[in-house]
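Take a look at the structure tokens below, where one protein chain is shown in two forms, each on its own, as structure 1 and structure 2.
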Structure 1
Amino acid sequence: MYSMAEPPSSGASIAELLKSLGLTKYEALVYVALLQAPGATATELHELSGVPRASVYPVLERLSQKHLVSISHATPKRFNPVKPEDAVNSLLASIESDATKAKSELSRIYLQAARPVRGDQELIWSIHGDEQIRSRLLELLRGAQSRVQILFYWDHLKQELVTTLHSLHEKVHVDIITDRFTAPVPDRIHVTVRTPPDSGGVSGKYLAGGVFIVDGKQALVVMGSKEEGFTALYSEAPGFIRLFTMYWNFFSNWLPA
């Protein structure tokens, strides 16, 4: 009756987007169908969306309770979509409200927890997600007391990094090793430009990485690429610090051929 080959940008992916907003597959399909045929009957929506006719009714009922559609008092029942803008905003507002409440409750729990920061210094932590890495990295740098060592083969967020380094206390000594660097820096920031050796046959083009050592006590190592996403390791373990300090020294002392 209807082509089952859905345009990839239409029904299929939108359903995914709407799922993040708390809709089910059927709810998404029916709502989208209703947008294309405002004032439609249940049967029309069934035909348009592919959702079984019997399922259309409860689905529309749920959509009505979620304030996404209005229902007419006529026979046959007809349905109207709330304008997408209003509909999504309404869903989002509800989620944001919950998010705010959750944030305050969780922060309360987090802060009031007697927190012996157990074993933080002996462990290696993995951190996933660009945003988490960014956040952890900047926080780490801002806590620097005396020295920051940076190995930086990584285009992403370079600017933000430099800004943060500028804001450090002036007695913090900063050593940066990177492949190219143009921004002007204060005296206490020392920049060495090094092209990394093309070792191991790994194409350095898409490989990005960074090593950040703070006060010789904390180290954050970032690896990955824009394609695979980034992973970071963080540790205060002496062995970990030693390993990457050595790594850093290797780059620092190495002279390109």
Structure 2
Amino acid sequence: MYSMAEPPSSGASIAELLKSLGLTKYEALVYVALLQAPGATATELHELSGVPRASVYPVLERLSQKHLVSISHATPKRFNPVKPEDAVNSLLASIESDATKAKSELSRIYLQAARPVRGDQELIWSIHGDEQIRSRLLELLRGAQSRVQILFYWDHLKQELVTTLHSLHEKVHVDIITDRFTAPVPDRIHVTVRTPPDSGGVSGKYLAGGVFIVDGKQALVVMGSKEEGFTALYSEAPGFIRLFTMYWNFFSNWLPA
């Protein structure tokens, strides 16, 4: 007969930690009991863990599906735990995978959702924080169906931006205006190199940003500096799109190369 190597309160405390990794209370209690008694039967695990007898087998089955427990073919069946390090790594990998899927699905819903309209107002949305702007921009570009127009002088995001543009469907035409572009350029991406605007003599600061217009229906405008951070405006309003399309055309046609 097995006996608890530690007082029940210790097992319960560890079980609470395991719950934060995605295990239920019963799953956590059974796994902790099995660490203390490798090769135990379901009856022994019931006695060690305090989990009701009728629940032990379903719990062990779920732990097996989560790759935390192995089951022998003996009679009665005996169970062995996966090493704690491997078990925790497996749980963390599952959490990360679920988080990635959730982020992707939530972003898809966000991008496809109709923006609220209030009378004849043209709504413009503010986005603050480098990571929020980065995430919104890349998701916006990935949703392009036919055309992307870009004007940017923004070094710290340039490589990730170029990688995203390369991943777009081949039917999406991309027009870029920038100060320099050294990556290989696919046929469907047209790059115009223009001298950036004068900083106006502002000393010690590098102003950066860009205009990103997708399918002539959505626009994101980013401005800021490394010292002060970045701010973005996003809108699907026709007036907003028209204004920054004219701005993009001005850089394309009038500024010196």
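Bear in mind that the values here come from a model prediction, so they are computed numbers and not experimental data. Here, residue number means position along structure 1's sequence, counting from 1. Between two forms, the rigid core is the largest collection of C-alphas that superpose within 1.5 Å.
Source of structure 1: the form predicted in complex with a further copy of the same chain. Core-aligned CA deviation for residue 175 between the two structures: less than 2 Å. In the core-superposed comparison between the two structures, the C-alpha atom of residue 238 has shifted by less than 2 angstroms. Positional change of residue 216 between the two structures stays under 2 Å at the C-alpha, relative to the superposed core. Core fit done between the two structures; CA of residue 95 shifted by 14.6 Å.
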